[in-house]
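Here's a solo chain for you in structure tokens, the form predicted alone.
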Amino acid sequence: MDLNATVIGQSIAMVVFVWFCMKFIWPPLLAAIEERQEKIAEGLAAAEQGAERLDQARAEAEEIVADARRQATQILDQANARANEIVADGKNEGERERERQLTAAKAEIEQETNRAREELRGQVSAIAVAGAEKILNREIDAKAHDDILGKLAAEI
């Protein structure tokens, strides 16, 4: 192979081209590549942070849901306890009202019984007086006396 002007010219042109590329083209390309690498790295880091935050948010959401379930259970337990108290209070109130009405009814029955006794006493005394009048109006005869007392007993 001969070294001639064409090879030397091509070599010089190649060296100038390489120098030109290394001086003016290569640095912006490397800067763009490095910038792109940094953006990709930042994006990956952000994605990792996002995934971590998502996991944390899921854990917090599960915690909140569990807490809400506990609170709901407590509220239901309290409501059931209150309902039982209300039922027991109503039952006790019903018992007291029943006892009050029973006492009132017994008192009314006692009054009616006393009233009937008084009325019966009045009637018995009226009958006794009427019987005594009849006995006194007739002559005193044992047979007539027994007959009047029998009629009197039948009336009572």
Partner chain sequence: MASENGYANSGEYITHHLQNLQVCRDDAGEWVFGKCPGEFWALNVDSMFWSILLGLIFLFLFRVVAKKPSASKPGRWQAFVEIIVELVDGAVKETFHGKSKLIAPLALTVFVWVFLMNLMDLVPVDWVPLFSEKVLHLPYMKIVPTTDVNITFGMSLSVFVLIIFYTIKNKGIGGFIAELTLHPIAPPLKGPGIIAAPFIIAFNFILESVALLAKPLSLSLRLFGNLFAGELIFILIAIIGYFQLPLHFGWAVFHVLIITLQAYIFMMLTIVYLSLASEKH
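Just so we're clear, the structure is a prediction, and the values are computed from it rather than from any experiment. Positions refer to the first chain, counted from 1.
Although not depicted, the form predicted in complex with the partner chain is the subject of the following passage.
Within 4.5 Å of the partner chain in the model of the complex, a heavy atom is found for all three of Ile8, Ala32 and Gln37. For the options Gly43, Gly94, Pro28, Gly122, the one in contact with the partner chain in the model of the complex, meaning a heavy atom within 4.5 Å, is Pro28. The partner chain in the model of the complex comes within 4.5 Å of a heavy atom belonging to Leu3. Although the partner is absent here, Ala132 is not a contact residue: none of its heavy atoms lies within 4.5 angstroms of the partner chain in the model of the complex. Annotation for 14-31: interface residues with the partner chain in the model of the complex are Met14, Phe17, Val18, Phe20, Cys21, Met22, Phe24, Ile25, Trp26, Pro28, Leu29, Leu30 [heavy atom within 4.5 Å].
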